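A lone chain, given as structure tokens: the form predicted on its own.
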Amino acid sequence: MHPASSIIVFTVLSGLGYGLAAFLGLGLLDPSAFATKVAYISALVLIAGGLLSSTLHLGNPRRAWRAFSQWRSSWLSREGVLSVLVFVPLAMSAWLCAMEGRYSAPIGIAGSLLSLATVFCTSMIYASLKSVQAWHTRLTSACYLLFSLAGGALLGSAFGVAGSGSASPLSFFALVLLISAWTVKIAWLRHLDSLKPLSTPESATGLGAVGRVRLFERPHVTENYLTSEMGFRVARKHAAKLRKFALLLGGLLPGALVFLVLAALLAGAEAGGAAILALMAASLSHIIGMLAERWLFFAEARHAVMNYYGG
């Protein structure tokens, strides 16, 4: 599948924003701290920025409103509806924090649940597609949710240390979630590498009983939408390098930085600028790694329609 930059940016930024919003909704950060107020604004900016990026992938943005009408059957429509609804409790929580310095549990928890539900709907857009065998697994949704929470915990831990001046519980959650997310992702990659195509040229054409089917002539003389969007291929050696790059920057380096910060803070060191910078660096590294991971998520997927194009 062709990796569209707008969708990659959308899933990474919005996932990070929803993950941060989910933890903010649990009231784990001091609502009176200035850093927490910045955290709420950051979550809203990340979510809004991701959603705006997704519109760049639309062929006719003026018809985008129609996507909201199919919520009974379409995961894309459900994602759209929830992405709008979640702004209500998030905006209310941000207002209470910024203007009154307090936290409301009912509103916050509602925001957390809606944030996670939105990420789940995003994951199901891909996991529900039987035509893309690599995505059609429960591991896809698990990866999206865990990566969203891990990124949110990383950012939240930086804001938490900046606001309280001590070890934040989110730092521990970030470490655990990073390990969990990449454990599931590695399982997803092994699943991908072990796949045997359910759809083949023989099954697609119904000529399997006759013998092996091979392409005699392509359906189109020139390139078209299907061959450009569904026929993208990435070389194995390049994919292997990018996998290591994504794991290093998206998991190992952030995890090591969080562990060092946690060890120092628990040993009695002061939570100064060095700890905050380390956690922000861990968040930035994680974002870069996630951009590579999400690029591979699309690039390594094979659509069944390519059976008709000799792919």
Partner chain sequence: MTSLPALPTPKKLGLVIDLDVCVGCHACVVNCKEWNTGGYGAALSDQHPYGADVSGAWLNRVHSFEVVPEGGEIVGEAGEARIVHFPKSCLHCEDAPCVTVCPTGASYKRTEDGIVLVDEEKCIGCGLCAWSCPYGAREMDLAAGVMKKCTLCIDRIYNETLEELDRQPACVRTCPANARHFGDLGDPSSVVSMMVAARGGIDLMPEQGTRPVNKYLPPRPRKPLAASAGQMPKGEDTSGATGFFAWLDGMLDRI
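Bear in mind that the values here come from a model prediction, so they are computed numbers and not experimental data. Positions refer to the first chain, counted from 1.
Below: the form predicted together with the partner chain, not depicted.
Pick from 183-191, 76-84, 151-159, 113-121: which stretch has a heavy atom within 4.5 Å of the partner chain in the predicted bound form?
-> This holds for exactly one stretch, 76-84.
Though only this chain appears here, would K241 touch the partner chain in the predicted bound form if you measure heavy atom gaps against 4.5 Å?
-> Taking the distances in the predicted bound form, the answer for K241 is no, it never comes within 4.5 Å of the partner chain.
Taking heavy atoms and a 4.5 Å cut-off, does L198 contact the partner chain in the predicted bound form?
-> Yes, L198 lies within 4.5 Å of the partner chain in the predicted bound form.
Is E100 close to the partner chain in the predicted bound form, meaning a heavy atom pair under 4.5 Å apart or at it?
-> Outside the cut-off, so no.
is_contact(V210, the partner chain) in the predicted bound form, heavy atom dist at most 4.5 Å | Judged by the heavy-atom cut-off of 4.5 Å, V210 is in contact with the partner chain in the predicted bound form.
Have a look at I109, M92, I179, A204 for me and say which one sits with a heavy atom within 4.5 Å of the partner chain in the predicted bound form.
-> For this set of options, the contacting one is A204.
Sort through L58, A256, L277, I41 and report the residue having a heavy atom within 4.5 Å of the partner chain in the predicted bound form.
-> Of the candidates L58, A256, L277, I41, L58 is the one lying within 4.5 Å of the partner chain in the predicted bound form.
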